[in-house]
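Heads up, the chain below is alone and in the form predicted on its own; it's given as structure tokens.
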Amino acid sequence: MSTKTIDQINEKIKKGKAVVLTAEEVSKMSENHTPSEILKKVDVVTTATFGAMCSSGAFINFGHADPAIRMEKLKLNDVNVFSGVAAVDAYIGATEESETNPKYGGAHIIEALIKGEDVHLEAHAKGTDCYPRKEIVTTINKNNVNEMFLFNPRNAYQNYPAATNTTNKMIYTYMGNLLPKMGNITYSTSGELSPLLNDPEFRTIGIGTRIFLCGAQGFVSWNGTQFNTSVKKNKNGIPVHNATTLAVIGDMKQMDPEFIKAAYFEKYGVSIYIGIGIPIPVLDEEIARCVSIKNKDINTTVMDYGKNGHPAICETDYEKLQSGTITINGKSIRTAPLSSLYKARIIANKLKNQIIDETFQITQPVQNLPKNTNLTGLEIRGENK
């Protein structure tokens, strides 16, 4: 068999005959099997990542009070929430911070709601003929709101640069605390388990792809923001720094707090850890080759966060990064992950078992993601130039 279809694979799943492996298992398998042999033996490969994804948030519909209110200024647990959507619809960004506690923010609200905890709501309005109420103070939780769903504009980066700091002082970033004089290097990609590194050309991942999202079944809803296909690639076709991303959506009421965690980065701010797993159907030899990628074959760029523009210092690979140290210019430097490989492995195996148990169906994308994109920067005009 030189090719397969998603329908054929789903039929094998229904009959209990499909072979489903994690990306790490297939990488190991590729040491003794060719892509052609892997195509014959394996039907689905599960990938996963669990890392900080700042560009995340949630839509909530609270339901109408009596008398009704058109919420104009809204806070949840003292965190400002965007209410300019409709009367009782709102969007809470994960990185929005409390006005009284900068270590607490939208991410914590989202996690609390998924856990089933009560959240304090305070809203104010001018009052209208159809929405006469001018203020409301109450509590909400996942059982008394109509809907609450994650809609994350930028998740699951295809690759992300490693970070270091060549200056003489400690700096505090979304890549963690970076010690002076290249005292450490941090990174935030799960290597050979990472979803978009196993399908770099988006042969199987697109709009409508069903995914594991924070313990629930979600979907790829669009290409993520800052989706960039023009990034330099290595000899294996893998981008060597941040490239493409996914916009994803899923029902928070079905999510598991084990796979979503609020976070605070010192002197940077609030973020949120998102768990994503994506199944890749092995349709042909090229996909079989892609899902066989090993950490040593995946390069990323080490960038200097201590300087404007974060200039590149060198390239390395994930085998070296995951070893705990890398050597640059004769200096041995400690490395540390910001994403959790432990959690990613749990997600990949959980998704694998869901597919085998027939509770997770592989989907055909309804539309492909764009092929030719690049990024533009913000042009500074006027007095601040």
Partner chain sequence: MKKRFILTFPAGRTNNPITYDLIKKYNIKINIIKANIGAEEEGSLLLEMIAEESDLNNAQEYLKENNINCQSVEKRVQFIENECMHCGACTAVCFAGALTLGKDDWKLSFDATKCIVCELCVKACPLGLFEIHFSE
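Numbering follows the first chain given and starts at 1. Note that the structure is a prediction, hence the values are computed from the model and not measured.
Beyond what is shown, the protein has a form predicted together with its partner chain; the following relates to that form.
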Legend entry - Contact assignment for its partner chain in the predicted complex, among 219, 91, 222, 264, heavy atom within 4.5 Å: 264
Inset, instruction - Using heavy atoms only and a 4.5 Å cut-off, determine which of 254, 167, 184, 128 is in contact with its partner chain in the predicted complex. - result: 184
Inset, instruction - Spell out, yes or no, whether the shortest heavy atom distance between residue 323 and its partner chain in the predicted complex is within 4.5 Å. - result: yes
Inset, instruction - Check whether residue 82 has any heavy atom within 4.5 Å of a heavy atom of its partner chain in the predicted complex, and answer yes or no. - result: no
Legend entry - Any non-hydrogen atom of residue 343 within 4.5 angstroms of its partner chain in the predicted complex: yes
Legend entry - Close approach of residue 337 to its partner chain in the predicted complex, 4.5 Å, heavy atom: yes
Legend entry - Candidate stretches 225-233, 302-310, 173-181, 205-213 - the one whose heavy atoms come within 4.5 Å of its partner chain in the predicted complex: 173-181
Inset, instruction - Residue by residue through 268-285, tell me which have a non-hydrogen atom within 4.5 angstroms of its partner chain in the predicted complex. - result: 273
